[in-house]
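Coming up is one lone chain in structure tokens, specifically the form predicted alone.
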């Protein structure tokens, strides 16, 4: 049982670590792009009246929701696997 739980923990780390790196890169690119490319970020984007900086800032909302949804789905899978391990251990 302990080996299966350790495998599950390793699998969870393989999911969480890349997601965390992706989130940090995505979120820190806004201030970095404003610092290094202020002229580009202040130009009008594909949506009239909205600069690239505002568009990127607004895109962080669906990014957050998407990452939360993906984590929720993966957490449900991990919970099912843990419950399965518990059931087998009690049998």
Partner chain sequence: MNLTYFLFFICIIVCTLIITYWAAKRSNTANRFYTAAGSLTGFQNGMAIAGDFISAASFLGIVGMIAISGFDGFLYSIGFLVSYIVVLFLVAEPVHRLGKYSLGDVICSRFPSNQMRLIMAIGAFIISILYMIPQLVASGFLLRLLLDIDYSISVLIIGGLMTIYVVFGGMVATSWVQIVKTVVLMSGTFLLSLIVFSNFQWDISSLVDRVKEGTPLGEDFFLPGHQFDNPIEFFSLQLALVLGTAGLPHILIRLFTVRNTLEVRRSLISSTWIIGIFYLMTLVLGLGTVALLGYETLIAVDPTGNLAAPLLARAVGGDFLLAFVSAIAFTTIVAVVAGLVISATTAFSHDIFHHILKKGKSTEKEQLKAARWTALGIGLISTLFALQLEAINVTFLVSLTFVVAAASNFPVLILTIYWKRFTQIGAITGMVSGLLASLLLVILGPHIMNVDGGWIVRDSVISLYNPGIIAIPIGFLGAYLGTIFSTKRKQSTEEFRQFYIQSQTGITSRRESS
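Positions refer to the first chain, counted from 1. Please read all numbers here as calculations on a predicted model, not as lab measurements.
As for the form predicted together with its partner chain, it is not shown, yet the points below apply to it.
Novice: Examine residue 45 and determine whether its closest non-hydrogen atom to its partner chain in the predicted complex is within 4.5 angstroms.
Specialist: No, residue 45 is distant from the partner.
Novice: Would residue 2 count as a contact of its partner chain in the predicted complex, using a 4.5 angstroms cut-off between non-hydrogen atoms?
Specialist: Yes - in the predicted complex, heavy atoms of residue 2 and its partner chain come within 4.5 Å of each other.
Novice: In the predicted complex, is there a heavy atom of its partner chain that lies within 4.5 Å of any heavy atom of residue 76, even though the partner is absent here?
Specialist: Judged by the heavy-atom cut-off of 4.5 Å, residue 76 is in contact with its partner chain in the predicted complex.
Novice: How about residue 72 - does it come within 4.5 Å of its partner chain in the predicted complex, if we only consider non-hydrogen atoms?
Specialist: Residue 72 belongs to the contact set for its partner chain.
Novice: Can you name the residues of 22-58 that have a non-hydrogen atom within 4.5 angstroms of its partner chain in the predicted complex?
Specialist: Heavy-atom contacts within 4.5 Å come from 23, 24, 27, 28, 30, 31, 32, 34, 35, 42, 53, 54, 57, 58.
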